[in-house]
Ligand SMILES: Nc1ncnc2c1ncn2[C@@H]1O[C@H](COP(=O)(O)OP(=O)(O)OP(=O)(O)O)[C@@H](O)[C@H]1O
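What follows is one chain in C-alpha coordinates, specifically the form predicted on its own.
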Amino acid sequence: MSILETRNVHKVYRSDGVAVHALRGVELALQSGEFVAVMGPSGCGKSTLLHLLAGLDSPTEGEVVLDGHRLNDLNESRRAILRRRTVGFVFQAYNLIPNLTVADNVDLPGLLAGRPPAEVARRREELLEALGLADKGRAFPHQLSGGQQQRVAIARALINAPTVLLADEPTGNLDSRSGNEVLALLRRFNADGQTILLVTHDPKVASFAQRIIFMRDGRFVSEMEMAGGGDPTRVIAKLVEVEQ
(Lines give C-alpha, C1' and ligand atoms only; values in the text may rest on other atoms or scores of the structure.)
Protein backbone atom coordinates (compact mmCIF):
# COMPACT_ATOMS: atom_id res chain seq x y z
CA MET A 1 0.00 0.00 0.00
CA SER A 2 1.26 3.47 -0.91
CA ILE A 3 1.92 5.78 2.02
CA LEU A 4 1.81 8.88 -0.15
CA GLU A 5 -0.22 9.30 -3.34
CA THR A 6 -1.35 11.95 -5.76
CA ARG A 7 -4.27 11.22 -8.04
CA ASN A 8 -4.64 13.37 -11.16
CA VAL A 9 -3.33 16.43 -9.29
CA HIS A 10 -3.50 19.82 -10.97
CA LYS A 11 -2.44 23.14 -9.50
CA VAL A 12 -3.29 26.43 -11.14
CA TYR A 13 -2.18 29.83 -9.87
CA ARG A 14 -3.35 33.24 -11.05
CA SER A 15 -0.78 35.87 -11.94
CA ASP A 16 -2.10 39.24 -13.13
CA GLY A 17 -5.27 37.50 -14.23
CA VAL A 18 -3.40 34.84 -16.20
CA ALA A 19 -3.71 31.15 -15.29
CA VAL A 20 -0.34 29.52 -14.54
CA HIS A 21 -0.46 25.70 -14.59
CA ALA A 22 2.14 24.54 -12.06
CA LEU A 23 1.03 20.88 -12.02
CA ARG A 24 -0.81 19.02 -14.77
CA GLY A 25 -2.32 15.66 -13.86
CA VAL A 26 0.46 14.37 -11.60
CA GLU A 27 0.15 10.72 -10.49
CA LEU A 28 2.53 9.53 -7.77
CA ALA A 29 2.62 6.44 -5.55
CA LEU A 30 5.36 6.33 -2.91
CA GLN A 31 5.81 3.00 -1.13
CA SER A 32 7.08 2.53 2.41
CA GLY A 33 10.88 2.37 2.52
CA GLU A 34 11.42 3.90 -0.91
CA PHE A 35 13.98 6.60 -1.70
CA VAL A 36 12.56 8.53 -4.67
CA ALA A 37 13.98 11.61 -6.39
CA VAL A 38 11.82 13.92 -8.48
CA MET A 39 14.10 15.68 -10.92
CA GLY A 40 13.52 18.64 -13.19
CA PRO A 41 14.60 22.19 -14.01
CA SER A 42 13.67 25.22 -11.95
CA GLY A 43 10.04 26.17 -12.46
CA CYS A 44 8.86 22.71 -13.48
CA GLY A 45 6.62 22.31 -10.42
CA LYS A 46 8.84 20.36 -8.00
CA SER A 47 8.42 22.66 -5.00
CA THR A 48 4.70 23.04 -5.66
CA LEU A 49 4.43 19.27 -5.59
CA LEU A 50 6.23 19.08 -2.22
CA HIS A 51 3.89 21.66 -0.71
CA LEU A 52 0.87 19.67 -1.84
CA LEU A 53 2.30 16.38 -0.58
CA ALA A 54 2.77 17.89 2.87
CA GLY A 55 -0.63 19.54 2.97
CA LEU A 56 0.84 23.03 2.95
CA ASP A 57 -1.31 23.83 -0.09
CA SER A 58 -4.33 22.25 -1.78
CA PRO A 59 -4.66 21.05 -5.37
CA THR A 60 -6.93 22.85 -7.80
CA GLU A 61 -8.07 19.44 -8.99
CA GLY A 62 -7.34 15.85 -7.93
CA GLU A 63 -6.43 14.51 -4.51
CA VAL A 64 -3.47 13.85 -2.21
CA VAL A 65 -3.50 10.90 0.19
CA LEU A 66 -0.96 10.86 3.03
CA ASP A 67 -0.67 7.87 5.35
CA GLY A 68 -4.24 6.84 4.49
CA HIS A 69 -5.69 10.34 4.99
CA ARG A 70 -7.22 12.22 2.07
CA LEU A 71 -5.83 15.72 2.61
CA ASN A 72 -8.62 17.31 0.59
CA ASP A 73 -11.03 16.29 3.38
CA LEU A 74 -9.04 17.94 6.19
CA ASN A 75 -9.10 21.56 7.32
CA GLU A 76 -5.82 23.39 7.95
CA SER A 77 -5.76 22.55 11.65
CA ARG A 78 -6.18 18.80 11.06
CA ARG A 79 -3.65 18.89 8.22
CA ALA A 80 -1.14 20.56 10.57
CA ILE A 81 -1.61 17.86 13.20
CA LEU A 82 -1.17 15.12 10.59
CA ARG A 83 1.88 16.89 9.14
CA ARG A 84 3.64 17.08 12.51
CA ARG A 85 3.12 13.35 13.03
CA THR A 86 3.89 12.01 9.58
CA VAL A 87 6.14 14.43 7.66
CA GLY A 88 9.72 15.62 8.15
CA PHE A 89 11.19 18.46 6.06
CA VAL A 90 14.74 19.18 4.95
CA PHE A 91 15.21 22.46 3.09
CA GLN A 92 18.02 23.90 0.99
CA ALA A 93 18.36 26.89 3.35
CA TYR A 94 18.38 24.74 6.56
CA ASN A 95 15.72 27.01 8.17
CA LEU A 96 17.20 26.66 11.65
CA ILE A 97 16.12 29.20 14.29
CA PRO A 98 19.28 31.29 14.87
CA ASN A 99 18.70 32.16 18.53
CA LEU A 100 18.05 28.55 19.57
CA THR A 101 20.75 26.00 20.30
CA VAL A 102 21.14 22.88 18.20
CA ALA A 103 19.38 20.85 20.87
CA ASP A 104 16.45 23.28 21.02
CA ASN A 105 16.15 23.41 17.22
CA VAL A 106 15.96 19.63 17.04
CA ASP A 107 13.57 19.31 19.98
CA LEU A 108 11.07 21.91 18.80
CA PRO A 109 8.94 19.79 16.40
CA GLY A 110 8.75 17.00 18.97
CA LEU A 111 7.55 19.35 21.70
CA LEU A 112 5.05 20.99 19.33
CA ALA A 113 3.70 17.53 18.56
CA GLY A 114 3.03 17.03 22.28
CA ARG A 115 5.60 14.33 22.91
CA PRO A 116 7.04 14.02 26.45
CA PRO A 117 10.20 16.17 26.82
CA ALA A 118 12.28 13.26 28.17
CA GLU A 119 11.33 11.13 25.16
CA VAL A 120 12.18 13.98 22.79
CA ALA A 121 15.56 14.48 24.48
CA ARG A 122 16.42 10.79 24.17
CA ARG A 123 15.49 10.76 20.49
CA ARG A 124 17.51 13.94 19.88
CA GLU A 125 20.62 12.50 21.54
CA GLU A 126 20.33 9.35 19.41
CA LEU A 127 20.00 11.38 16.21
CA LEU A 128 22.85 13.79 16.97
CA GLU A 129 25.09 10.82 17.80
CA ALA A 130 24.16 9.10 14.52
CA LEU A 131 24.82 12.32 12.59
CA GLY A 132 28.20 12.99 14.19
CA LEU A 133 26.96 15.97 16.19
CA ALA A 134 26.91 14.54 19.71
CA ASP A 135 29.09 17.40 21.00
CA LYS A 136 27.14 20.22 19.27
CA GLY A 137 23.93 20.29 21.30
CA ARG A 138 24.77 23.58 23.03
CA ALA A 139 26.10 25.29 19.91
CA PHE A 140 24.13 27.86 17.92
CA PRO A 141 23.60 27.54 14.14
CA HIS A 142 26.06 30.33 13.27
CA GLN A 143 28.81 28.37 15.02
CA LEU A 144 28.42 25.42 12.63
CA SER A 145 29.52 24.79 9.07
CA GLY A 146 26.90 24.53 6.33
CA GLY A 147 27.18 20.75 6.30
CA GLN A 148 26.74 20.59 10.07
CA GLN A 149 23.70 22.89 9.90
CA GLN A 150 22.09 20.63 7.31
CA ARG A 151 22.74 17.60 9.53
CA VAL A 152 20.99 19.43 12.36
CA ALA A 153 18.10 20.06 9.97
CA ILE A 154 17.97 16.33 9.21
CA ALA A 155 17.88 15.53 12.94
CA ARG A 156 15.04 18.02 13.39
CA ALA A 157 13.15 16.48 10.47
CA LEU A 158 13.48 12.99 11.96
CA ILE A 159 12.71 13.83 15.61
CA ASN A 160 9.11 12.63 15.31
CA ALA A 161 10.05 9.45 13.38
CA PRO A 162 8.00 10.65 10.39
CA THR A 163 6.28 8.38 7.91
CA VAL A 164 8.00 10.24 5.07
CA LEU A 165 10.94 12.64 4.83
CA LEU A 166 10.57 15.37 2.18
CA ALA A 167 13.77 17.07 1.04
CA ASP A 168 13.85 20.17 -1.18
CA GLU A 169 17.29 20.58 -2.84
CA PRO A 170 18.97 19.55 0.45
CA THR A 171 22.54 20.00 -0.85
CA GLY A 172 21.94 23.20 -2.82
CA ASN A 173 23.85 25.41 -0.36
CA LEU A 174 26.67 22.95 0.34
CA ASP A 175 30.08 22.32 -1.17
CA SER A 176 30.66 19.01 -2.92
CA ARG A 177 32.14 17.20 0.08
CA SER A 178 29.43 18.32 2.53
CA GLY A 179 26.75 17.55 -0.04
CA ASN A 180 28.03 14.01 -0.49
CA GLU A 181 28.08 13.53 3.28
CA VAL A 182 24.45 14.65 3.58
CA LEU A 183 23.36 12.38 0.73
CA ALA A 184 25.21 9.43 2.26
CA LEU A 185 23.39 10.09 5.53
CA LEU A 186 20.02 10.16 3.78
CA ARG A 187 20.84 6.89 2.08
CA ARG A 188 21.84 5.39 5.43
CA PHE A 189 18.57 6.40 7.08
CA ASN A 190 16.72 5.00 4.08
CA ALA A 191 18.57 1.70 4.51
CA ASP A 192 17.19 1.66 8.06
CA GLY A 193 13.65 1.97 6.68
CA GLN A 194 13.04 5.72 6.37
CA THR A 195 10.90 6.66 3.36
CA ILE A 196 12.35 9.65 1.49
CA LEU A 197 11.16 11.83 -1.37
CA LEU A 198 13.71 14.35 -2.61
CA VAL A 199 13.37 17.00 -5.30
CA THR A 200 16.39 18.28 -7.20
CA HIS A 201 17.68 19.57 -10.52
CA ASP A 202 21.11 17.94 -9.98
CA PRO A 203 21.80 14.53 -11.60
CA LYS A 204 24.41 13.69 -8.95
CA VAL A 205 21.93 14.26 -6.14
CA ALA A 206 19.17 12.34 -7.91
CA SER A 207 21.51 9.38 -8.49
CA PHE A 208 21.51 8.59 -4.76
CA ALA A 209 17.84 7.59 -4.95
CA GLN A 210 16.46 4.16 -5.83
CA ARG A 211 13.93 5.57 -8.30
CA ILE A 212 14.04 8.83 -10.25
CA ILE A 213 10.99 10.54 -11.70
CA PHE A 214 11.66 13.17 -14.37
CA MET A 215 9.43 16.22 -14.41
CA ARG A 216 8.90 18.95 -16.95
CA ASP A 217 6.29 21.70 -17.26
CA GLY A 218 4.22 20.36 -14.37
CA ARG A 219 4.09 16.77 -15.65
CA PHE A 220 5.92 13.52 -14.94
CA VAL A 221 7.47 12.57 -18.28
CA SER A 222 9.60 9.51 -17.47
CA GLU A 223 11.23 7.51 -14.68
CA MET A 224 14.09 5.10 -14.08
CA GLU A 225 15.31 2.67 -11.46
CA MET A 226 18.75 3.13 -9.92
CA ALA A 227 20.14 -0.23 -8.83
CA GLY A 228 22.75 0.65 -6.23
CA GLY A 229 22.49 4.36 -7.01
CA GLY A 230 25.31 6.88 -7.07
CA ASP A 231 26.00 6.94 -10.84
CA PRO A 232 25.09 10.37 -12.26
CA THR A 233 26.21 9.42 -15.79
CA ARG A 234 23.15 7.17 -16.13
CA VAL A 235 20.92 10.01 -14.98
CA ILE A 236 22.49 12.44 -17.44
CA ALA A 237 22.02 9.95 -20.29
CA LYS A 238 18.35 9.57 -19.33
CA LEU A 239 17.96 13.35 -19.20
CA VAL A 240 19.28 13.61 -22.76
CA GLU A 241 16.79 10.95 -23.84
CA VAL A 242 13.89 12.66 -22.09
CA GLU A 243 14.70 16.05 -23.60
CA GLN A 244 14.94 14.79 -27.18
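It should be emphasised that the depicted structure is a prediction, and the values quoted were computed from it without experimental measurement. Numbering starts at 1 and follows the sequence shown.
Although not depicted, the form predicted in complex with this ligand is the subject of the following passage.
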- Taking this ligand in the predicted bound form as the reference, which of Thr48, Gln210, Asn190, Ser178 has a non-hydrogen atom within 4.5 Å? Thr48
- Task: Go through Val182, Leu66, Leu52, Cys44 and name the one with a heavy atom inside 4.5 Å of this ligand in the predicted bound form.
- Result: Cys44
- Can you check whether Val221 is within 4.5 Å of this ligand in the predicted bound form, heavy atom basis? no
- Item | 4.5 Å heavy atom contact, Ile236 and this ligand in the predicted bound form | no
- Message: Residue-level contact is defined here as any heavy atom of the residue lying within 4.5 Å of this ligand in the predicted bound form; does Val9 satisfy this criterion?
- Response: no
